[in-house]
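Presented as structure tokens, the chain that follows is alone, the form predicted alone.
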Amino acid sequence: MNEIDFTILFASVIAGAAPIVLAALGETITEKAGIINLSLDGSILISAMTAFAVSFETHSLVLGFLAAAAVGAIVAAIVAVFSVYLGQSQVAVGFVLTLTARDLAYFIGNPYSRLQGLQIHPMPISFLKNIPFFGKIFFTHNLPVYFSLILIFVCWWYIYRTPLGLNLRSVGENPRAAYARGINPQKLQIIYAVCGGLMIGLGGATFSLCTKPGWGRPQGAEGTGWIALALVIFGGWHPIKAATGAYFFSFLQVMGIYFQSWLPTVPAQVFQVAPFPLMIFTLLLIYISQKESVLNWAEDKDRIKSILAMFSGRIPTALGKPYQPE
């Protein structure tokens, strides 16, 4: 494979990962605040449908993205309100919502199935796209892809380098102590659940208006929400690690396309499905690398210890445990 092939490969990985990155970042922020949003998969689908339908009817991509973000925020807000104020199980509510949102997306979006709609076209950055090798990889995409790249570092900076990010982490770690400091844990959890839902909604819109333009059944985004959830968990609730996992999953998907041309005798369905078990296997290896017995074994092995540290992460203490002020 020559250099131009590599640039196409890596550019495709970055473009294909954009909706997964947005969804994983949204879920990372939500779970950092102590809320588990299991509606992710259904939320992505109904947001993708909403974005396509609204942009089709209004002839406006901007309205399509705004509508999808609003739908994602509403779904996340339902999970948060039922948990924070009504004391219901976040897992149960989220799981029911993901099934409901999925079926609603297919039912409401049926009239728009297989129609030719709007889509966002690439917007190369003129003064950066000519940089050797990296220019074509990073600076020849559309706005949602650029936004997903920038958002990775914005989320990291916000969570770990700002006072507001400290409040976010404190609510997810010890809401009782945060309440004693004058912070309203319930209010912050609602706010960050909605913010995470907005990003998830934008991820859905990116699917139907950029990555896989159009709407139908299947749309192509099915199962992505569960992958994003797994990336958050095994990425140690860290935005950069979760995004790195999203790019790795996209790499597996793109390589499947290459393997179809290299091995034409193998059924195409094998390569379409392969990224999912490979991703699960990789996540399993990451999980094993975080076990205490493995960490103890690597204690006196500096190189292995530094590699394992890259995959380390700690679950927010109050995750899934709604706080009720006395």
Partner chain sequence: MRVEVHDIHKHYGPVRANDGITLTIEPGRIHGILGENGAGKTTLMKILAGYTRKTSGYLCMDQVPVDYRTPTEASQLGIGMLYQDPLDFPFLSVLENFMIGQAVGLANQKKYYRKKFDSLAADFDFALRPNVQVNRLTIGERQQLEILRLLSLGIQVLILDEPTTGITNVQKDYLFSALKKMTSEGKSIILVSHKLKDVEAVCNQLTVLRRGKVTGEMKAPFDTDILLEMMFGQTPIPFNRCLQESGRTILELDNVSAPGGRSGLSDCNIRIRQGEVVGLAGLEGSGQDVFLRIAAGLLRPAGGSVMLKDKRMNAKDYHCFKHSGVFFQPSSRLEEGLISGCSVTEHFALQSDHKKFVTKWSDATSDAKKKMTEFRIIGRPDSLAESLSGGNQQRLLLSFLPRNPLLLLLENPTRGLDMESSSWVWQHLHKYCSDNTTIVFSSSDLDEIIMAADRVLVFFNGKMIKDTRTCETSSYELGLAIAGKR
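Residue numbers count along the first chain shown, from 1. Just so you know, these numbers come straight off a predicted model, no measurement behind them.
Only in words, not in the display: the form predicted in complex with the partner chain, which the text now covers.
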property	result
Distance check, L166 to the partner chain in the predicted complex, heavy atom within 4.5 Å	yes
4.5 Å heavy atom contact, N130 and the partner chain in the predicted complex	no
Contact test in the predicted complex: T140 vs the partner chain, heavy atoms, 4.5 Å	no
Distance check, R314 to the partner chain in the predicted complex, heavy atom within 4.5 Å	yes
Interface residue in the predicted complex among L115, M123, A177, I150, criterion: non-hydrogen atom within 4.5 angstroms of the partner chain	A177
In the predicted complex, the residue from M255, I183, I74, I191 that sits within 4.5 Å of the partner chain by heavy atoms	I183
Which of 196-204, 242-250, 115-123, 150-158 lines the interface with the partner chain in the predicted complex (heavy atom within 4.5 Å)	150-158
